[in-house]
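The data below hold one chain only, encoded as structure tokens and taken in the form predicted alone.
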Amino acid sequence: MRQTLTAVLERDTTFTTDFVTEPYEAAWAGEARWFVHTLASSGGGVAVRMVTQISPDGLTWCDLDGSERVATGPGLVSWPISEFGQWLRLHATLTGENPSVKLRIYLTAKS
């Protein structure tokens, strides 16, 4: 039987600057998926640009594949992750004029 886990990394958190999530060790998992739910945003032309980052030790990070995901308003975005090794985190960059976003961020993983 496969094992699954959902980690809630941010719950109704408001961001006004670039950020990274807490690292999550998922070496046991064969696959994972991000879910980022934008609850609200304000400012001019606001976008949240997100990339998955990986690490062998939870200290030193690099982008997984360079493919960026973008959220430009309320709603849910999701993408799969595979061949990631040990540790995962999400790096987000806020763009626009006086950006402010309220997010929920989940990481799901399964063996």
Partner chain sequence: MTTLEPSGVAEELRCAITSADPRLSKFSPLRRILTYDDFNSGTHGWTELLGNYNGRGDLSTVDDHMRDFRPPQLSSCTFFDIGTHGAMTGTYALKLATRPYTGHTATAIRRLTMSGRGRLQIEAYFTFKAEAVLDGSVGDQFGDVRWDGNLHPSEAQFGCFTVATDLCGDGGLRYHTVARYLNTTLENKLVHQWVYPTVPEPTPREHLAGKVKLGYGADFTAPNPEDWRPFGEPQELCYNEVPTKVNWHYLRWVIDTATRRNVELQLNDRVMDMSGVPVPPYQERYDSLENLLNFYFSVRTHSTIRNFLFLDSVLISTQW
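Note that this is a predicted model, so its numbers are computed, not measured. Positions refer to the first chain, counted from 1.
What comes next is about the form predicted together with the partner chain, which is not displayed.
Participant: Please run the contact check for Gly58 against the partner chain in the predicted bound form: heavy atoms, 4.5 angstroms, yes or no?
Facilitator: Contact with the partner chain, yes.
Participant: Does Pro99 reach the partner chain in the predicted bound form if we count a contact as any heavy atom within 4.5 Å?
Facilitator: Result no; Pro99 lies far from the partner chain in the predicted bound form.
Participant: Might Ala40 be said to contact the partner chain in the predicted bound form, defining contact as any heavy atom within 4.5 Å?
Facilitator: Judged by the heavy-atom cut-off of 4.5 Å, Ala40 is well away from the partner chain in the predicted bound form.
Participant: Can you work out whether Thr72 and the partner chain are in contact in the predicted bound form, taking contact to mean some heavy atom pair no more than 4.5 Å apart?
Facilitator: Contact with the partner chain, no.
Participant: So which bits of 18-36 sit within 4.5 Å of the partner chain in the predicted bound form, heavy atoms only?
Facilitator: The stretch touches the partner through Glu22, Pro23, Tyr24, Glu25, Ala27, Trp28.
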